[in-house]
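A single chain comes next, written as structure tokens; it is the form predicted alone.
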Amino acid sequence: MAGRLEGRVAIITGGGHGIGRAYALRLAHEGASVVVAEIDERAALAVAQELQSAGHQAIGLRTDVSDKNSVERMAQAALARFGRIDVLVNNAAIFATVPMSRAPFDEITVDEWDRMMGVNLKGTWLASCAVIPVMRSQGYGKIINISSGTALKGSPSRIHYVSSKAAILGFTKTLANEVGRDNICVNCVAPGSTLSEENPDDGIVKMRTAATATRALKRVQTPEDLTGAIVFFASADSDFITGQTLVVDGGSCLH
């Protein structure tokens, strides 16, 4: 039985680790050909090989989303290999695999602030710019941006991260307005605190477990809890939905 994304081509930035890897696996399971775009080339190739071994179509590409030339090469390689680009998941971010400081607002360095915005926000813009010409030529496309529940309620000691993810909310609405005439849908997923770290230590597990206290659903969130929302926004089921943010956090932020 064909999956919901049979015949589609999906790029996942930051697809080599954690939540991004989960997105890649689920989209491939639904029938998509997958481009794993990841600054960690070894991880990108490993996930692509994992998908290929399971019988899926996939390639891994070293991609720095903060670099315009790099994301343009990403789009060109996807088009050369698969002939189209239907879905972009803007998942790459400084957070866990590429760590960030958890410090008061006035202790974050200017360099770290700029790097955070360069990856989390500028990277989303650059990757979108790279794929939209292809989507326009097809008359169809899905862009899925990743924000964070912290953008909706704030979170101390990481103001640079929260600010970058809050900007994604406005970016999503604005881009949706600009490319809707091209039949391109732009939506956003805002995850809650997710146990996405590879080999988490006791401190990380304790932090993720503590997040259950504010949830309606009293359990730790895992990357697999997010993949259904990504498939929905990538599939034809959401063809008349754009500019929206879906919070997937077990009922921590109710709105």
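One rule holds for the numbers: they count along the sequence shown, beginning at 1. It should be emphasised that the depicted structure is a prediction, and the values quoted were computed from it without experimental measurement.
Another form exists, predicted in complex with a small molecule; not displayed. Remarks below refer to it.
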For this session: Check each of Ser196, Ser33, Thr227, Asn187 and return the one that places a heavy atom within 4.5 angstroms of the small molecule in the model of the complex.
Result: Ser196
Problem set entry | Contact assignment for the small molecule in the model of the complex, among Ala75, Val119, Leu126, Val162, heavy atom within 4.5 Å | Val119
Exercise. Any of the heavy atoms of Val47 lying within 4.5 Å of the small molecule in the model of the complex?
Worked result: no
For this session: Flag Gly243 as yes or no: does it have a non-hydrogen atom within 4.5 angstroms of any non-hydrogen atom of the small molecule in the model of the complex?
Result: no
Exercise. Even though the small molecule is not shown here, does Leu88 get within 4.5 Å of it in the model of the complex, heavy atoms only?
Worked result: no
Exercise. Would Ile143 show up as a contact with the small molecule in the model of the complex if we use heavy atoms at 4.5 Å?
Worked result: no
